[in-house]
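Here we start with a single chain on its own, the form predicted alone, put down as structure tokens.
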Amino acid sequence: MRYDVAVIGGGPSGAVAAAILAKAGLSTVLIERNLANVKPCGGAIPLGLIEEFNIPDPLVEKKLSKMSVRSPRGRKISMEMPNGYVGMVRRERFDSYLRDRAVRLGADIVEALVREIKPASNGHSIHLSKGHAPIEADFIIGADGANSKTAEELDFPANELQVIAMQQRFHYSDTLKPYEDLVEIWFDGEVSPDFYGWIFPKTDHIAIGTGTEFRKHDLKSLQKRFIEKIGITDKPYLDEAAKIPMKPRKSFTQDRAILVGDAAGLVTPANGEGIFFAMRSGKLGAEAMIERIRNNKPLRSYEKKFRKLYSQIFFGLQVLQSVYYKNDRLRESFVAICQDDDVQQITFDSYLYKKMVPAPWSVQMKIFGKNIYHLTKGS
């Protein structure tokens, strides 16, 4: 069968793209290798995403306004978000809902593994796993994650930096009861020498995980140490692991194909946030695809717009990670800075809607001075 667009990958970025394309009247197929797949993800989403994509309340298992950060020495800074919340979703339910919405709007869905993508007249021929006929498509959106087969087959530039993340799910216990309504982030070299550990509560379980640069450290040992430091003696009921790209590809658009979400490398450094940028890139990519098909406008407008909107955020977080995640003395200093009320306010304001929120000059100078002090102290 032939389609206007084939979307490869059924996570948030691919599902959003497929829904927008189908709603616009373009023949669309969403190809997902495993509809039962559960991605290891903390599942935190900001208020801005919930509002923009009309995420229904039942999918948001927790609305958390309290969070804390811990330093290597055990210092704990507690914070509360005054004007919003962090939404907690369970990826298997969240992704399924987004795919179902795309199908309701007219997209076809195929559960199959992409084996090969070959050039064809005015498009591509997508060869799938055994038992599935090839799919012909004029255009392709690659939404198939950090190890994107689409990117590989179509010769996109490689993902330069990847983190490997591990997460375990635990049923609530007396040890974990204090985390029932609290997000906690651990900046601790024993938990992660170059990233962080997280504790994210859901309705009936706690998700606990950590990450580190791929092939640099023993991830299982880091996770084991994290669990020991929290004081958990119960066994997890689910283990999950996956790669996370931490830097956008040098290019994620071609004449007849684009990459979105993790496939494009659109996960922010320092905090590893991917769902928001996956869904935004899926939306922007689909809108550019509609313009390409209807008005012959180049697909590069999608990449140009995404970088214009978010390059400052990616750059700022990359600087933060490269400066403060080097060693435990600097992590200790970073956590100390988090105690500042203005730092907290700027962080929360920026997080809710993913916009760089300017602070008054006096506040900027105060924060700059504290950064210099703590950097000197940490070094």
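Sequential numbering from 1, following the sequence displayed. What you are looking at is a predicted structure, and each value in this text was computed from that prediction instead of being measured.
Another form exists, predicted together with a small molecule; not displayed. Remarks below refer to it.
For this session: Tell me, please, which stretch of 302 to 310, 261 to 269, 283 to 291, 170 to 178 lies within 4.5 angstroms of the small molecule in the predicted complex when heavy atoms are compared?
Result: Single hit among the candidates: 261 to 269.
Exercise. Does residue 103 make contact with the small molecule in the predicted complex, using a 4.5 Å heavy atom cut-off?
Worked result: No.
Problem set entry | in the predicted complex, residue 65 touching the small molecule (heavy atom, 4.5 Å) | Close contact is absent here: in the predicted complex, residue 65 is far from the small molecule, nothing within 4.5 Å, heavy atoms only.
Exercise. Taking 4.5 angstroms as the cut-off for heavy atoms, does residue 344 touch the small molecule in the predicted complex?
Worked result: Residue-level check for residue 344: no, no contact with the small molecule.
Exercise. Can any non-hydrogen atom of residue 109 be found within 4.5 angstroms of the small molecule in the predicted complex?
Worked result: Taking the distances in the predicted complex, the answer for residue 109 is no, it never comes within 4.5 Å of the small molecule.
Exercise. Which of 137, 191, 275, 257 has a heavy atom within 4.5 Å of the small molecule in the predicted complex?
Worked result: None of the other options qualify; the answer is 275.
For this session: Taking 4.5 Å between heavy atoms as the contact cutoff, choose which of 243, 297, 225, 75 touches the small molecule in the predicted complex.
Result: Exactly one residue meets the criterion: 243.
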